[in-house]
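First comes one chain, alone, set out as structure tokens in the form predicted on its own.
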Amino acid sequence: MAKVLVVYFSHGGNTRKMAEGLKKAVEAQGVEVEIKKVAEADPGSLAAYDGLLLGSPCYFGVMAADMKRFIDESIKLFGKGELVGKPAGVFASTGGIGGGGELTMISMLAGLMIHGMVVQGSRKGGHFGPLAIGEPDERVFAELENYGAQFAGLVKKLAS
């Protein structure tokens, strides 16, 4: 069975709620999911997973420092190319419209793409990944469900 890791940072709980929503959506498609707070995740273990989802709140237009540190520490895998071709995606929460949510997602995506990972975008909703403005609402949970299903499909295709 394909296995996905969801790593997130959450101070107020909004990004955690999104991570849990994605876990549920990916699992519904028959993919195993492990979810970890970024402080508990080991960047050196990423090669053991078939897909990776990263989530962070938006702080000053970019990801939280803890998530940036996690991505920076994944450099240990860079020279080996162990993440090349594996699916990846991101999600974020922000305090308001125009609060930098898309910039936060793009900053996380940059690290994943530099590893050579295959990034899952979306035609509908948040093109870069699910984005909550404030506490996740019905719209956000629907987007998480759609994105999780699409991501799980990509993971199954590439892991086979």
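What you see is a predicted model, and the numbers here were worked out from it, not measured in a lab. Residue positions are given as counts along the sequence shown, with the first one as 1.
This protein has a second form, the form predicted in complex with a small molecule, left out of what is shown; the following refers to that one.
- Heavy atoms within 4.5 Å of the small molecule in the predicted complex map, among the stretches 41 to 49, 110 to 118, 55 to 63, 23 to 31, onto 55 to 63 alone.
- Looking at residue 10, you'd find a heavy atom of it within 4.5 angstroms of the small molecule in the predicted complex.
- Mapping the unseen interface onto this chain, residue 125 falls outside it, with no heavy atom inside 4.5 Å of the small molecule in the predicted complex.
- Though the partner is left out of this view, residue 14 does reach within 4.5 Å of the small molecule in the predicted complex, counting heavy atoms only.
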